[in-house]
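Only one chain is given next, in structure tokens, and it is the form predicted alone.
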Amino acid sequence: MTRVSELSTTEYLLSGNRACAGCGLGIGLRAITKALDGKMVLVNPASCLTVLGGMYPISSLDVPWINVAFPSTASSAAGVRAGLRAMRREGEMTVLAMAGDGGTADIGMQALSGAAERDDDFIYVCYDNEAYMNTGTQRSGSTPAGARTTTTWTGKRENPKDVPAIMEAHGIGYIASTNAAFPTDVYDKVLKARDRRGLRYIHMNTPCPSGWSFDPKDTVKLGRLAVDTGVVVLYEIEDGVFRLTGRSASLAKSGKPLVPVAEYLAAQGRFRGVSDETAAEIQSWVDARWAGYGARHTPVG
């Protein structure tokens, strides 16, 4: 695993950007752009990333990027890749499609599914802040059970949609789950995806202070707690082989119980008022999923 001290000091996400204080997206995006050495074309729809990058003619990203319609991220990225190929410049840069959970799990799913079926040659990153944050915190397919949003003011009833599993069902060669609070895990997975061909899908959990209602200084702390509780699991599926990575692999190897999910829920205002019954149901969902991942894990070597 890459160490933080080994990351490039070159920055492609510039200071003075318009991200909210404590935004997890900025942490993850820094690692992503470093892994690609800035040699990339970014394609993104209406989202927090659009706000972070700024509006024409001003940009806080030192890479070429294209704003596209909300449902068309994956299809637009495929078109950019085809254009580079037509100009015989496909070897010069990576095409990176990057959208939030609303633009991935919901509105953009049809384009992403089509790109996966065709095995189009680009990296797709879903930065999952678990609601439509850019438009006022409405629930998405990735919003967890029990979370309050402006459209689930008594708490969402359903567990989140498992988009990596949907992508695995498409048979693509590389899928990964990560968390912005672990930038070297993000970096290593994007680096691995960079050197592959076909569609590569990375799901990056991205803590959001404003939408989740926690102190901006605690972004990394909360992201790490999500992994320690098993709410978020770090893993990759490479050519059908599943393995836990980083902190999740260490937790599985230790055999120790995960931190109770109740501690994660209590750290966020969006779970205020969650009943003991709902908390227990969430814990059961996390436990079952963790056991399933443990059964699938293939240790390195």
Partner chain sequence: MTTRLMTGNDAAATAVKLARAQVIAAYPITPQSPVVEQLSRWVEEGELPAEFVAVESEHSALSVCIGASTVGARAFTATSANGLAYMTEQIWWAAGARLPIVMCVVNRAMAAPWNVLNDQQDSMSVRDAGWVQLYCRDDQEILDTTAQAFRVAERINVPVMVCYDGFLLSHTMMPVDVPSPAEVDAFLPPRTAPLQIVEVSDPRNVGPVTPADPREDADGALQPGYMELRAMHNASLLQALEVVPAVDAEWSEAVGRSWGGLVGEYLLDDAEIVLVAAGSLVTQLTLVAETLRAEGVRAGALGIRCYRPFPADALRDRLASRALALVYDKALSYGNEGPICGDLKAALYSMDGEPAVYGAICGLGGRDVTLEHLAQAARDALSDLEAGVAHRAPVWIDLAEGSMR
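Just so we're clear, the structure is a prediction, and the values are computed from it rather than from any experiment. Positions refer to the first chain, counted from 1.
Not on display, but discussed next: the form predicted together with the partner chain.
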item	value
4.5 angstroms heavy atom contact with the partner chain in the model of the complex for residue 213	no
Close approach of residue 253 to the partner chain in the model of the complex, 4.5 Å, heavy atom	no
In the model of the complex, residue 92 touching the partner chain (heavy atom, 4.5 Å)	yes
The partner chain contact at residue 273 in the model of the complex, heavy atom, 4.5 Å	no
Interface stretch in the model of the complex with the partner chain - options 75-83, 149-157, 136-144, 98-106, non-hydrogen atom within 4.5 Å	75-83
Heavy atom of each of 41, 59 and 64 within 4.5 Å of the partner chain in the model of the complex	yes
Of 233, 68, 261, 35, the one that lies within 4.5 Å of the partner chain in the model of the complex (heavy atoms)	68
Heavy atom within 4.5 Å of the partner chain in the model of the complex - the one residue of 111, 227, 176, 126 that qualifies	111
